[in-house]
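Taking the form predicted alone, here's one chain by itself in structure tokens.
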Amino acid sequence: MPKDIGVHRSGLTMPVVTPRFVDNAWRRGCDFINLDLEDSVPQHMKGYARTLIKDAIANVTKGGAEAFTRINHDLVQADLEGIVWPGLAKVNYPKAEYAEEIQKLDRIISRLERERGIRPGTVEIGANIETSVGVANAYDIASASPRVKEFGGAGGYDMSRDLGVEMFVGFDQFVYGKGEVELAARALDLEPHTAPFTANTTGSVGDPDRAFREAEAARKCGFRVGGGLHPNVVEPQTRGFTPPPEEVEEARKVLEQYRTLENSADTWAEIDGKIIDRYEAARARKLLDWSATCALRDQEKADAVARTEQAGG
């Protein structure tokens, strides 16, 4: 697992202009909340929406979630001035296409951190790939700033519109772009933000069973980052990205068997029909590390919720 990566198994993107969503966000059990200034906010409310972010950050983090904000591609300066406050963990930048865009974000964020008493380098940048130009420049974009720690995209509504393909089909119309973006992330030791194909021909964003299947498949493919639009998907995503007890126990057995193997002259062995070697041992260690990290994150959120409830919400 890449270094210095947070636990972002589940999250909700919500319009910051809808009070009932923001006020209840801390109760949802998310690893992160993505406060939206972009697609879900009407054009005439953009300026007003910026003024809500500072208070919303304090609100949505009461349950232990990290606070992200998605800004507008064409309103960078004004949006950043309105959102970079203590407690903000990440700025999500949509439709990233060039490294220079990310470098500009970095410069503005660095200035605002200095001016507003935020520890330098605290605010991450989510460079979201949503166009073919972005895919073509993926490596340059991902390497443009050390603030980029997770990297992904190359799917979704904007990508389907850019490519001229249908969004809800029974095949993976984004497979090439997602693969390019994932390889760029892995080459740079960033956390890839993508998922294997799971058919969704209805357009539903609140199907918990599909959310779990997708998260579980993503975890088995080495991915760790989720997110969605409906509260129904939060718990299934958290569960799907977290190794279940039987896999944790199996990983422990693999390491025990490998330790025995290390004291012999052999480099591998077949035990109970399963190959045990240094590759399987490394995979087992990674799974156990991730399991422990997830457990710690869940405890942090539970403690935060308890403190908030004790304080009366």
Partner chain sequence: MSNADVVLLDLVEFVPEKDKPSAREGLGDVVRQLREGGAEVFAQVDSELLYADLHACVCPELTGIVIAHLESVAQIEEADALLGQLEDERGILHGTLEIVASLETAEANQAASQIASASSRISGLTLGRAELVMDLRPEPSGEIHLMQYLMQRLITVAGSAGVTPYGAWWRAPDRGLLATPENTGQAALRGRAIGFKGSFCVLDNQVEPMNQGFTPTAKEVDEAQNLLEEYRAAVSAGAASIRRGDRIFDAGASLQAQVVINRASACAVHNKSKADAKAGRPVPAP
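What you see is a predicted model; the values in this text were computed from it and never measured. Positions refer to the first chain, counted from 1.
Form predicted in complex with its partner chain: not shown, discussed below.
Although its partner chain is omitted here, in the model of the complex none of K90, E150 and R239 has a heavy atom within 4.5 Å of it. Shown alone here, K286 lies within 4.5 Å of its partner chain in the model of the complex, counting heavy atoms only.
In the model of the complex, no heavy atom of E113 sits within 4.5 Å of its partner chain. R210 falls outside the set of residues with a heavy atom inside 4.5 Å of its partner chain in the model of the complex. Residue contact check for D277: one or more of its heavy atoms lie within 4.5 Å of its partner chain in the model of the complex. Heavy atoms within 4.5 Å of its partner chain in the model of the complex are found in exactly one of 120-128, 105-113, 74-82, 186-194, that being 186-194. Applying a 4.5 Å heavy atom cutoff to its partner chain in the model of the complex picks out V175, Y176, G179, E180, E182, L183, A184, R186, A187 from 173-191, in order along the sequence.
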